[in-house]
Every structure is written in structure tokens, then in C-alpha cells.
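Presented below, as C-alpha cells, is a lone chain in the form predicted on its own.
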């Protein structure tokens, strides 16, 4: 495993509660041994019938890597521009500089504007062995989450996106991908410019029901001190 002081490696439950979506990175490259350990963790993930139909393409600092980052970066900026407009990120609470909505917009804009500089980009792929189905993500996304958790444990961070979608035909041509290979996600990785920390989510009681729909299980209570999610959208 890549050398990380044991005192800095979080336990599993801590990692699950503190693995943030990291979109800002330092310029530090990710060493090969750290990438090896992250991708090893990804390959340990479960999949349907244990077929392991997931594959990962890793792009760091080669000429082809630069071309892939530039291509997906162009798609990322177009997708974010459309989402920013359609979801009203510049309206309502988005006009308040320090609101969650405005902060999210700034973070996303910085992310896509500097997409080509991410230290590592990973394309998560799925080799289809049957017709596309709504359940096929179950055979690739657990591996993606393993990758992100391993990155967290090694002092790095990342975020999963669908930015490859807008430029998939160009990507497929550039990478000469077989027809049966589906592009499932784009993951960027690097040393966080900020930090991991407790994630903000809706209270557990809103999300976990007992045996009656809409009724929280009596034990579904967040641990003391759990941060509460404030809607990033606020007033329209």
C-alpha cells in the first residue's frame, strides 16, 4: 500500500461519513503506487454474478490523457452552463454571495473552467454482456465508490460525474472503444485543495422508514453532532 501514516487513515465508518465530493485539487501529481492502491480497491467491488464487467481507463499526464481531459472538459463546461441556467443557480438565494446555492455555483464553475488541469481522470466503463438495462449500474458504480473511498483513505479526493456523455461519440473514436463497452462515469482525482470533512445530508429519519412507508424507523436517528443539510436552492 502507498505510504500513509496510520494515524491519518480513517476507519471505514469515518471515511463513509467524511468523504466529500472534491472538485478543487492542488497541482501535485498522484504517484503510481497510490493509483495502484486506489484501483486495486475499485477492483474488489461486488458486481452482478461476480462477473466484474467494469473496466477503468486512467488518464494522467500523457499526450492522449491531455486530449481526453480537453475533450471532456469542453463537454463539462457546456453541460454545466445548461444546468446552471435551467436550475436557476443565479436566481433567488443564488444572488446572495455566501448562500449554499451561490457557493455551489462558484465551485462548479471553477471545476469546469479548470477541468483540463485535474491530476488524474478515470473513465469508468462497463462491458455489456446483454442488452442495456436499468440495473446494469449495479455492476459498475460500487467499484466507483470503492475508488473514491480508497482515495479518501490515501489522502486524495475525487468526484464522480457524467460529463463524458456530451462527447461520447468523440471519445469512443479517440479511444477506439469496442461497441459493447459503455461509458458509465467520469471520475477526477487529486490532492484536495480544501479538505474532507463531515458531509451534510438530510436527516436519517427522512430517508429510512420502518415497515410503513413514510414513517421513520424508531432507531433512525443521526449520531450527535451530525451536520444538517441546508437546501442549496432556498427561495426561488
Ligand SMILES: Cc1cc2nc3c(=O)[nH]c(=O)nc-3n(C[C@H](O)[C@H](O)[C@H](O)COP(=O)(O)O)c2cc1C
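As the structure is a computational prediction, the values presented were derived from the model and not from experiment. Positions refer to the first chain, counted from 1.
From this point on, the text means the form predicted together with the ligand, which you will not see here.
Proximity to the ligand in the model of the complex (heavy atom, within 4.5 Å), stretch among 33 to 41, 174 to 182, 61 to 69, 195 to 203:
Every other range fails; the passing one is 195 to 203.
Using the partner position in the model of the complex, report whether residue 163 sits within 4.5 Å of the ligand, counting heavy atoms only.
Contact with the ligand, yes.
When the contact criterion is heavy atoms within 4.5 Å, does residue 138 count as touching the ligand in the model of the complex?
No.
Touches the ligand in the model of the complex: residue 111 (any heavy atom, 4.5 Å)
Output for residue 111 is yes: heavy atoms within 4.5 Å of the ligand.
Answer for residue 21 alone: is it within 4.5 Å of the ligand in the model of the complex, judged on heavy atom distances?
Yes, residue 21 sits close enough to the ligand in the model of the complex that at least one of its heavy atoms falls within 4.5 Å.
The ligand: the contacting residue among 127, 85, 159, 96 in the model of the complex [heavy atom, 4.5 Å]:
Exactly one residue meets the criterion: 159.
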